[in-house]
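Only one chain comes next, encoded as structure tokens, the form predicted on its own.
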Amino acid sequence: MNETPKPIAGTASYLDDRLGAGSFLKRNLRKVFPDHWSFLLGEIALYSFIILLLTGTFLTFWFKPSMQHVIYDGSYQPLVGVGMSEAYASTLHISFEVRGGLLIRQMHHWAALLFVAGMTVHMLRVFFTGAYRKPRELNWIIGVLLLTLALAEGLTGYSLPDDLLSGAGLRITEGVAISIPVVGTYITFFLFGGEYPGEDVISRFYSLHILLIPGILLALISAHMVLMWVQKHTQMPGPGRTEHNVVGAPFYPAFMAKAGAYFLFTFACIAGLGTFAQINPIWLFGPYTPADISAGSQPDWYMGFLEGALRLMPSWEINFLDHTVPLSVLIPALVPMGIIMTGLAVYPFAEQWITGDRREHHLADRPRNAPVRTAIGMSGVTFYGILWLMGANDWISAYFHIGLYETTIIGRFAIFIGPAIAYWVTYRICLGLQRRDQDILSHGVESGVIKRLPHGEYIEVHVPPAEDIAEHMRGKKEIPIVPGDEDKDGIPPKGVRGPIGKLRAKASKFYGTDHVPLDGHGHDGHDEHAAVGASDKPRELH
């Protein structure tokens, strides 16, 4: 690390002579990145986005975003002579007549699924490790916006082939738009160019899908990467790791080589899926007509929770000021998405307000060491998961021979009970894992050496854990608690006065109370299983 590699030095000197950028390159090409597998989850989304751009560009050469009616005369014989939109016909042309077209179409679809999946698991990693805290709140907000835009990008792209399956999803989109009070009719007519299905929705979705949304995504991803680079990466606790350094490998050559290999691996996985795993065979669904619908139709996985919310919601509606408000459509469309996305966006600021913690954090938490946060996160995952599962309640009913009505009723109860159970179970698991860490630091780990005591008892000698494991466990930090005790005059601190202040004090105590303090020392000298010293070699206990 003390010497600049020759390739960097030569390139830097060349650019410095012409652009004055030598010092910039020398400094940034040696930037250190931590080495932990979970930090690569976000790269899955990044590389999938790159593949989406490449495959999407290929598809634009032949796709025709038009709803003009044509008679199909292509190479797929079962549909010859069938009337359809030009968008559907061009998608068939790409699939059957463009060399490599079907492979690229399927790679594009798989990359879209992996893009959202990569963003989701990356966001979960950031949430559960507390990597959204100061100074990364802005980057967290950018991540929430990216996930929201990715869902919109998936919806617009999913609808473009104008097949029967995507048309059913488009019909739901129209129902949601028109259910919005006062402005719903105007939004629907603007989107579809008239009465559903209109003549313009495909071309308008196409413009959003290839121009507006990708442009915003590209800008936000760039901002996300720049902020991550400037603020430096978080790292897990371990030997030599502090809030003021980063322990890992330099960007060049180690991280660059790793990133290049990981991109090729991601590309190979998507190419393999596109080759061997058929997805969205639109020729089997047929062209979309408003009068037809297929049984057992399902959206892409990332829209499944909205489908589930729509299926669980009772058929409620209200009449207000001569307007009918269909709550059975409006609530499933807006409330679950609002709860998840708004909750994600405000959580860093809510946690900061509750704990009063305004310190910078560059060491990530182990999820077990923040049990309330982890339990809240798992409640959210359970809420999403139940909605997602209920999006296939017809399949569940058919394959498990459970009545569709009973399945729906169970889902309506589970959506409230499930997150509560998930919270309690997760919280107890986190406390149990903390006690396990405390036990290891206090008593050591089993050595495999069996010892017989003078009075005939057999015990297994324990030794201290490996230093890197011990440091990982000792990385636990207390969560700050807002002081709420009254002074000698009976006056509480300024920040916890009034009803809101009292609520904050109680929430802070609940959120930050450490039920398993980590001391790392044995309980007493008579504990036969106590750690036997600093050495890794087992010693006899006296």
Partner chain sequence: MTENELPGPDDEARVPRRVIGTPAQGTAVLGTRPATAEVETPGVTLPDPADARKAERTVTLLFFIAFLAGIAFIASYVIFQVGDIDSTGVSNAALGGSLTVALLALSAGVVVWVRRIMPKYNIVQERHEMRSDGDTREYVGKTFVAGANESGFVKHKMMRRTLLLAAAPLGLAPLVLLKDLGPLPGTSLRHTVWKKGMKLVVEGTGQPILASDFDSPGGILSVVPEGYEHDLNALAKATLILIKFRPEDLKAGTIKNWTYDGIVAYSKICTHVGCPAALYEQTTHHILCPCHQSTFDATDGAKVIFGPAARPLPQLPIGVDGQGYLIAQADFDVPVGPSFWERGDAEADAREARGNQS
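Just so you know, these numbers come straight off a predicted model, no measurement behind them. Residue numbers count along the first chain shown, from 1.
One more form of this protein exists, namely the form predicted together with the partner chain; it is left out here, but the text below deals with it.
**Student:** Pick the stretch from 377 to 385, 113 to 121, 181 to 189, 417 to 425 whose residues have a heavy atom within 4.5 Å of the partner chain in the predicted complex.
**Tutor:** The contacting stretch here is 181 to 189.
**Student:** Would you please decide whether F276 lies within 4.5 angstroms of the partner chain in the predicted complex, comparing each non-hydrogen atom pair?
**Tutor:** Yes - in the predicted complex, heavy atoms of F276 and the partner chain come within 4.5 Å of each other.
**Student:** Can you tell me if A254 lies within 4.5 angstroms of the partner chain in the predicted complex, counting non-hydrogen atoms only?
**Tutor:** Contact check for A254: yes, within 4.5 Å of the partner chain in the predicted complex.
**Student:** Quick one: is F267 in contact with the partner chain in the predicted complex, heavy atoms, 4.5 Å cut-off?
**Tutor:** Yes, F267 lies within 4.5 Å of the partner chain in the predicted complex.
**Student:** Should H515 be counted as a contact of the partner chain in the predicted complex, where contact means heavy atoms within 4.5 Å?
**Tutor:** Residue-level check for H515: no, no contact with the partner chain.
**Student:** Using a 4.5 Å cut on heavy atoms, which of G432, G215, G194, G448 is close to the partner chain in the predicted complex?
**Tutor:** Exactly one residue meets the criterion: G194.
**Student:** Sort through P367, G143, P326, G411 and report the residue having a heavy atom within 4.5 Å of the partner chain in the predicted complex.
**Tutor:** Spelling it out, the residue with a heavy atom inside the cut-off is P326.
**Student:** Just give me the residues of 393 to 414, first to last, that have a heavy atom within 4.5 Å of the partner chain in the predicted complex.
**Tutor:** If the 4.5 Å heavy-atom criterion is applied to the partner chain in the predicted complex, 393 to 414 yields N393, D394, L404, Y405, T408, I409, R412.
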